[in-house]
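Shown below, as structure tokens, is a lone chain in the form predicted on its own; questions about how it binds or moves come after it.
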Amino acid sequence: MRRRNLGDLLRHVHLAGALSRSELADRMGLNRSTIMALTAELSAAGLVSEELPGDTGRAGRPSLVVRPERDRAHVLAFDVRVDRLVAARVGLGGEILDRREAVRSRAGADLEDVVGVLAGFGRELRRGARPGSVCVGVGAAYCGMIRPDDGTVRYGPYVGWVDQAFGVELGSRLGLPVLVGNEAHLGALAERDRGVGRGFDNLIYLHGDVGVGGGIIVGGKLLGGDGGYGCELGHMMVNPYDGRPCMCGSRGCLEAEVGEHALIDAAGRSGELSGREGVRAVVEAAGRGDAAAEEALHRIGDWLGIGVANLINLFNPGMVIFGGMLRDVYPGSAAQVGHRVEANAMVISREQVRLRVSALGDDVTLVGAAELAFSRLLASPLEVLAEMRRRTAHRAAPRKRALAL
């Protein structure tokens, strides 16, 4: 009970920021003396601090404000995209304190290169941390199907990864355990906790990259499937008869009809443009009145709307969120998406659904990776903090002996 209450309190201030003791008591349903004891333990561990609030304008003794200690505990977050590698040091409370980025070529199975770059970034980021700050976790988002137990990439489309031991290899290089998640799953959780989906227990997140991934939150929980490979929304069939070929071997999948290649081909720019920059170039051209680009966005919006209508009928979400390249595409195709939802989604299921773009922008999957990294600490704060301090001390000892010699 004590461990759970410590974790719940830390989670509240991690996600919401500074909260008074009285606000925490109301949120957690605990009395103030219990809140005081819990904050005292977390404060002694260096995870939170307490201070008097500013002028509240109220009579009586003010309730102390509890804040997360961003510079005393941090995580490493990694985002492996099809054409970019991103790494960040994220403080408790969710603020990105430092980051690194590198271009990734679409050159096939590149596990050694990816792990080498990320491990180097991780070491740089840790060296830049404030003295005494503890790395309390490592999380990574990957653009593929992930085995949750060990972070193995079972299938990474477009770059040829099949059964690659990504989590184990990266953890070995860093000397720390690494948690790995599918980028769209983590994006869904990030939008629920820190983005436009706050307050929604039932939402769908669609993430566009070269293809399309998805994350579904049902009753406040991620729908993972039997092996953790659920929510492959990009491989929902929308155009089975004359659809474009898909990397999965089928035809007419959602990602084949609305992904990067579909948009660029429809705009007549195949071979000329690629990547997020290519997608944005088409969107910008449409904004300037380019007829081919406008028609491409409308075509993409029609197929996207069919997919969204299917999802609304299946899951009755309160919100559908468009992220990744779909965040750029949706504003110019919203009319077509809306028309399809009106025509093909059941009235009762669609009447309250909101269609929104990601509030976290290009960092949505990086934020999701950071929250994955914080998950162990938030479940068992004092025990995980002690464990990570031991790991840090163990790794520092050989370096100190070497310097002495």
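Residue numbers run from 1 along the displayed sequence. Treat the numbers as computed from the prediction; the structure is a model and nothing was measured.
The form predicted in complex with a further copy of the same chain is left out here; the points below concern that form.
By the criterion of a heavy atom within 4.5 Å, residue 344 is counted among the residues contacting a further copy of the same chain in the predicted complex. Although the partner is absent here, residue 303 sits close enough that one of its heavy atoms falls within 4.5 Å of a further copy of the same chain in the predicted complex. In the predicted complex, a further copy of the same chain lies farther than 4.5 Å from every heavy atom of residue 194. Taking non-hydrogen atoms only, residue 117 never approaches a further copy of the same chain to within 4.5 angstroms in the predicted complex. The candidate spot formed by 39, 133 and 190 is out of contact with a further copy of the same chain in the predicted complex: none of the three has a heavy atom within 4.5 Å. The contact with a further copy of the same chain in the predicted complex, taken as any heavy atom within 4.5 Å, belongs to 228 out of 331, 287, 228, 160.
Proximity to a further copy of the same chain in the predicted complex, defined as a heavy atom within 4.5 Å, holds among 281, 266, 311, 86 only for 311. Contact annotation: a further copy of the same chain lies within 4.5 Å of heavy atoms from the stretch 344 to 352 in the predicted complex, the single such stretch among 28 to 36, 344 to 352, 368 to 376, 63 to 71. Contacts between 312 to 341 and a further copy of the same chain, taken as any heavy atom within 4.5 Å in the predicted complex, involve 313, 314, 315, 316, 317, 318, 340.
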